[in-house]
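Quick heads-up: it's one chain on its own, the form predicted on its own, in structure tokens.
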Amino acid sequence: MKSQKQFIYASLLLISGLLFARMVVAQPTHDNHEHHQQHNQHNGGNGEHNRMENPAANARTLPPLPTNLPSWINNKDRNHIYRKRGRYNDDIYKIQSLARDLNAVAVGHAMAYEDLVTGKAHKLETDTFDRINWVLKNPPRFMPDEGNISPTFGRKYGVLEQVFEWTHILHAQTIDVLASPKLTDAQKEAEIERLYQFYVENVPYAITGLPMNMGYLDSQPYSKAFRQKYPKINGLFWGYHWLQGAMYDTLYGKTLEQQRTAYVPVGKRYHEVELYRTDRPFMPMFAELSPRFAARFPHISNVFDNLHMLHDMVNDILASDWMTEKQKEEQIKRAIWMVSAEAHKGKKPGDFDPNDSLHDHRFMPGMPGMGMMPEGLHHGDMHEGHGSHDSNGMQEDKNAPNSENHTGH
């Protein structure tokens, strides 16, 4: 009798154990859920993993190359044009901390591009991030030649490197002018206009100064791929753009000593916060970061915003595994054309053709473009709860480094 009771008791324990084990297996644990999210995010999120496993789901319609592309867009030869001569050149080195931070930005871009095109994309969020981050914390004394850091990228995508390089030179020289203690404020403003004219008249692959519809440019079949797959590296890229936007009002209308003092908190915020943000829905733009400069030079501010959008489009194309190499090369040419000055020749701010998204320049003359965001979002929404709109509908970000100077609109 005693052994029969022991048998029944043991059987009940065994059945209970099996039921409990099945319940545990059937319920997804927090860790499993988190792993699934991380895996999904690694593959692009929003079903990207499923598309990777199912080639049929990869089918997307890519816009064709325009038939009227200029011959220069196929150039793969080196084509250095020396910067405009000026007594202000390299005056940025009078503000050493800013100069070195800008030198590091050049290294960071080049390292990431080279790894993307040499089969090291899977290390972008780890090894590449760590290498770039080290350079950002230990910036070089002098501006590096990006072509020497990313030779494979330059050979593969030819003229793209020159589009980047020449607009980066416009960036550097306008900052040299603002940092120059030899020029008066009036001379600085006149020289910045001359630099812009030199850029658009001497560089065949200049970027347009018109306010582009950013929502359209950021709605291509490949858009957002990079920021979803590589949020940490994308955060660094947008951190660079934050610095390049914020530095103009940091220097504008100030003496050299005031500039050095003004860059201390800006540099601190750049290194401690902006470089590591992964929560931005869209790249930083000039009109919110340097409203005074953007209001005075809207065409130059638009060139830089359009340059940064071209960076984003190229990043997204390179991060889209579902494209062939030939398709990537074609879409990069198309992206260059979409933001080129030549494609928009004869157009003007305020032009808006609802049947031709390429020529959506709906912002008025003198008004820096803020873009029309996808799904009706205005770019200012990224500062929800912090900003307020001024009389022209532009949003003031009270947390922006130069918000006290926001008088230009």
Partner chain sequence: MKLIRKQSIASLCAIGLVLLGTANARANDHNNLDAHRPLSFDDAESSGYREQAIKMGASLLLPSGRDVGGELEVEYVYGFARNTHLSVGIEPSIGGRGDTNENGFDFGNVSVGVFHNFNREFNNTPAFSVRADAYLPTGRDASGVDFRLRGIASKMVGQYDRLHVNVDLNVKTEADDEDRSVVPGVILGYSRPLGYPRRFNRTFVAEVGVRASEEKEDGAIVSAGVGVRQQVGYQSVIDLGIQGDLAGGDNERSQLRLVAGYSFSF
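Everything quoted here is computed from the prediction, not taken from an experiment. Residue numbers count along the first chain shown, from 1.
Another form exists, predicted in complex with the partner chain; not displayed. Remarks below refer to it.
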Open item on the list: Taking the partner chain as it sits in the predicted bound form, is residue 198 near enough to touch it, meaning that at least one heavy atom pair lies within 4.5 angstroms?
Closed with: yes
TODO: Evaluate residue 326 for contact with the partner chain in the predicted bound form, applying a 4.5 angstroms cut-off between non-hydrogen atoms, and reply yes or no.
DONE: no
Open item on the list: Whether residue 142 contacts the partner chain in the predicted bound form should be assessed with a 4.5 Å heavy atom distance threshold; does it?
Closed with: yes
Open item on the list: Since only the chain is shown here, I'm wondering whether residue 216 would be in contact with the partner chain in the predicted bound form (any heavy atom pair within 4.5 Å).
Closed with: no
- [ ] Could you tell me which stretch in 309-317, 78-86, 276-284, 233-241 has residues with non-hydrogen atoms within 4.5 Å of the partner chain in the predicted bound form?
- [x] 78-86
Open item on the list: On the criterion of a non-hydrogen atom at 4.5 angstroms or closer, are 111, 149 and 158 all touching the partner chain in the predicted bound form?
Closed with: yes
- [ ] Select from the listed residues 337, 322, 129, 93 the one whose heavy atoms reach within 4.5 Å of the partner chain in the predicted bound form.
- [x] 93
Task: in the predicted bound form, the residue from 118, 261, 255, 187 that sits within 4.5 Å of the partner chain by heavy atoms - done: 118
